[in-house]
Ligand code: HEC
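Have a look below at one chain only, the form predicted alone, in structure tokens format.
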């Protein structure tokens, strides 16, 4: 009797082990591409010329893998488009001619994994359902959870499976010890219920401690960060209408961005340069983030009331007062950030930090503006090093480029990750 039960328990033990290994490997990808990592690389290197859904300076990237006959060739194109064009590939040359002989910049520092991550991000964005009117162009909570939580879900499932297997194995071990004691004639007390078992209690406390520690750390990391912050402004101002539909340059309103550390909120007279002539809104319907329809003409009238302008008389009839805009992007006092250095020397596009501002009816904070986000950008972003007077003093790097030792220079290579660059 003992032998049959013992054999049965050992078979259960082996079955549980096989099930454990099978489940772990079924939930563990060999090298799954990471859309979240791809998003960061895309924003740093691709967003200034490409959009997933629509054509910008370069083609829309939706379905890009289907347009290339070979994925390996697509990787080569991203790393060095000129080389693929020179090889005589028909699709590459047709694309080159379509864009008037403008070649895509080379990205030799991107690894195969980096490119796979970018393509995974593009694929994820391609499958998203377009936001409903009034969405404000912001990222939905579900989309962000999908980007950031996929890996956590996999490891969470694996942890849960292993915990269940551990409990089963401990129960099997207890039964085996009881059978062995009965065979030897040793008195064996009844097993302690699991809710009174010190080992189970200790395991539960450890799990709760780890879960609590994880959420505590995540909460502490997020202190002071205001990603997706979208305050209600005194006047509904649509960047989608101004920067998108009407193609007004960001630097026309935010002139300080290329001259000082502050981009500056434009003064009311900058608004009136256009709105002395434009007194009513006749464009597409406007909606708030909550889906409420906005009367564009009434919002223009709010501007007139603030500055004291009478559109019928065509003159100022009273003293104006400042518009109390709510600032959205804020950095800690111990952080130094210079807009002009990024715009003039770095040639960074506004969308790199502020997202697709030209698609936002109501502006929200696109990036978390954390130290890690900035450092990652400095490590991956290439500067326009050649024929840029700002970088003349870096003689060694110029010699390395001329000799072919390196083909590009990142912000990190010119001191972009040194502590004193941002903290002083």
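The structure displayed is predicted, hence computed values, not measured ones. Here, rigid core means the biggest group of C-alpha atoms that superpose within 1.5 Å across both forms. Residue numbers count along the first chain shown, from 1.
Only in words, not in the display: the form predicted together with the ligand, which the text now covers.
Contact here is defined as any heavy atom lying within 4.5 Å of the ligand in the model of the complex, and by that definition not a single one of 128, 154 and 214 is a contact residue. Proximity to the ligand in the model of the complex, taken as heavy atoms within 4.5 Å, picks out 323-331 from the listed stretches 196-204, 308-316, 166-174, 323-331. Although the partner is absent here, residue 84 lies well away from the ligand in the model of the complex, with no heavy atom inside 4.5 Å. Within 4.5 Å of any heavy atom of the ligand in the model of the complex lies no heavy atom of residue 288. Contact annotation: residue 108 falls outside 4.5 Å of the ligand in the model of the complex, judged by heavy atom distances. Taking the partner from elsewhere, residue 64 is found to have a heavy atom lying within 4.5 Å of the ligand in the model of the complex.
Note on the partner interface in the model of the complex: the residue among 179, 161, 120, 353 having a heavy atom within 4.5 angstroms of the ligand is 353.
Using a 4.5 Å cut-off on any heavy atom, the residues of 278-315 that reach the ligand in the model of the complex are, in sequence order, 278, 280, 281, 282, 283, 286, 296, 299, 300, 303. Core-superposed comparison between the shown form and the other one: the C-alpha position of residue 314 differs by less than 2 Å. With a cut-off of 2 Å and the rigid core superposed, residue 111 has a Cα displacement that reaches or exceeds the cut-off between the shown form and the other one. Residue 277: CA moves less than 2 Å between the shown form and the other one after rigid-core fitting. One change in the model of the complex concerns residue 105 and residue 259, whose Cα atoms lie at least 3 Å closer than in this form. The distance between the CA atoms of residue 240 and residue 42 is at least 3 Å shorter in the model of the complex than in the form shown here.
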